Every structure is written in structure tokens, then in C-alpha cells.
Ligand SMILES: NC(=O)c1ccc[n+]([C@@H]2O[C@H](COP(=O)([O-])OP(=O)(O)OC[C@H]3O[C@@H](n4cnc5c(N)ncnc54)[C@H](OP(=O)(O)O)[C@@H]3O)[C@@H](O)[C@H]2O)c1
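First comes one chain, alone, set out as C-alpha cells in the form predicted alone.
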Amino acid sequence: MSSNAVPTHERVIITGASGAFGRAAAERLLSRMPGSQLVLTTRTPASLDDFARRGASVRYADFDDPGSLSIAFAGGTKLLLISTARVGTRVGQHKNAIDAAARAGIRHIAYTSVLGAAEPDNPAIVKLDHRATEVHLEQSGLDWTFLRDSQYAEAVAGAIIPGALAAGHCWDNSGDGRVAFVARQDCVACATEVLIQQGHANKAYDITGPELLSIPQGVEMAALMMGKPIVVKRVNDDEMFEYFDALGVPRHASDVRPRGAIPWSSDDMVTFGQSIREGYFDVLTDHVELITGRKPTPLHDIMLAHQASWTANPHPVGP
């Protein structure tokens, strides 16, 4: 789909702009539009001083404080709602943002969701938050776009592989379930393009990479690159819970400490692996190319980008 200049009357707002996804989205939008048309919201405005110096408006916003959102969203016409990290408790935050956007006169919200969010039997608990947010957005009266991202390639290359290489093994409950691992940069590109192009209102996109691979296949790819074997310990869900218990990972989202060292719960990660195993991530689309005009990035390219960090982080994770 072709990209045109952003009309001067549009003003795009990014929530959570100090996070990795938000900063990347801000960088991409600043290459496509003047800073005067971009509003970045965050709980830590000082962390975005570099964008403020380039002309973007930086505003304080707290998803738990609806009043701050109404002020932060004032004057916006489109909004990128980046899902927050609080699995299990973030629906209220997202609803606050959607309601504040409606009050502020925003017309269109793009939301970063997850693949399989609308599948009622999908066991991944993460989809519950995302689908509840999607439903609220559908009922808001605003135009919406759902960006249902597959698993990040960086989750394999940056989170799984370093410890697996150091230990010589990794634990996995996803079996031979396949995933079209998608690069974060491609998710960011899609999220920004749907706001500055025409024709994406009230559509849901499955944002995937270019090939379907299992997690064991991804691990094998890294092992071959490094010339070092990695044994994938195929375990069931109960054994996966025990593994995370040994690491000190909280069992439930309600047990996760805000800003703690481990921001995820094991029931989130174990049910995610179950979802992969049961085929809910076995989806391959051309939506990245449809939206951005270029093909998505292969997992191998993301592996290459992370390869130097694997030897720089030689410590194994877990038993």
C-alpha cells in the first residue's frame, strides 16, 4: 500500500513512547512527518528530551490516572496505543486510554495486539487482555486498527539463545508448534504506517515474519551459527512451571512486582508455549509487505544482529 505525505491537520500521539517499541515508532514517524505533528506520552518525560529537541511534543501521561491522559491526548487526531506490560491487570489501563482518546476527539486508534487474540479457545492468557481491549475499542465509536503481532524474533535471539548457548540446553513446552517469528522493526513499521496511510480503519492484521519455524528449529539455527550444540529439553506444561519456579519467576500476573527484575509470570509464558504447541501461532501472512511495501525480516537476520551479544553474555540461565 502506498505511503503519502501526512496531511498537515493530522497530529499523531504515541503512548508509552519511552519504551523500546515507542521510541522506535517515534524515530520512524519523525522521518516521515514534522515534529510539530507528533506527540509522545510517557510517565518519564525527561527520558524523551532528545525527541523534544527535534520538535516533538512530549507530555506526561499515566494510564492509571485518566485525568493525565485527557490532557496528554488533547489536540490529537490519531493514536498508537502500545499495550502495557502488566499482563492480567492492563485492561483497565487500556480502557482508560481509549476513553480519554474519545473525550479528546481522537478519531483513530491503532492497537498493538497479539496473534490469535480473537480465537476463543486459544489457551494463552495474554490473549484475554488483548481481546478485551479490542472489544472495548470496537465499542468506542472510534476507528480502530488491530495489529496482531506474532512472537518477536527478538524473543528468541535476545532472550532464549544467550542462556541456552551458555548452558548447552534450554527448556521448551511448545513442541513442534510453528511460529512466523516477526522482527520488532517490522511490527513498528506496520504500526506507524497504518496511522499515516489511508485505508486501514476498522481492519485487523496478523503481523508475521516470512517463514514458519518451531522454537527448536530456531535454537538449532543459533547452534549452527555458533558451532555449539544446544539440547532442547522438551517438557510438558507442569515441568515448564517447575523450571520457572526454580528461576524465581512469579506464577501469576498478580504476583509480579511493579518494575521488578522479572516482569512476566510463568502462567503467561507456559500458556504461551501451549498456544504455540496447539497451532494458534501457525499463521503466515503477507500483511507486513501489504502495509509497508517490503518483505518482512527473516529470523536468521535477527540472529545475526544479536550474535555478538551471545558471546558477551556467557552466563547460563536456570538449571
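All residue numbers are counted from 1 along the displayed sequence. Owing to the predicted nature of the structure, the values given are computational and were not obtained by experimental measurement.
Heads up, the form predicted together with the ligand isn't pictured, but that's what we're talking about next.
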Is the gap between K95 and the ligand in the model of the complex 4.5 Å or less for some heavy atom pair? no
Is S140 near the ligand? Define near as a heavy atom within 4.5 Å, in the model of the complex. no
Please run the contact check for C170 against the ligand in the model of the complex: heavy atoms, 4.5 angstroms, yes or no? no
Would Y280 show up as a contact with the ligand in the model of the complex if we use heavy atoms at 4.5 Å? no
All of S174, M221 and P298 with a heavy atom within 4.5 Å of the ligand in the model of the complex: no
Looking at 287-295, 50-58, 63-71, 26-34, which one sits within 4.5 Å of the ligand in the model of the complex if you count heavy atoms only? 63-71
Under a 4.5 angstroms heavy atom criterion, identify the one residue in I82, A189, A164, M240 near the ligand in the model of the complex. I82
Tell me, out of T145, S150, N122, T133, which residue has a non-hydrogen atom within 4.5 angstroms of the ligand in the model of the complex. S150
Any residue of 7-37 that, in the model of the complex, places a heavy atom within 4.5 Å of the ligand: G16, A17, S18, G19, A20, F21, G22
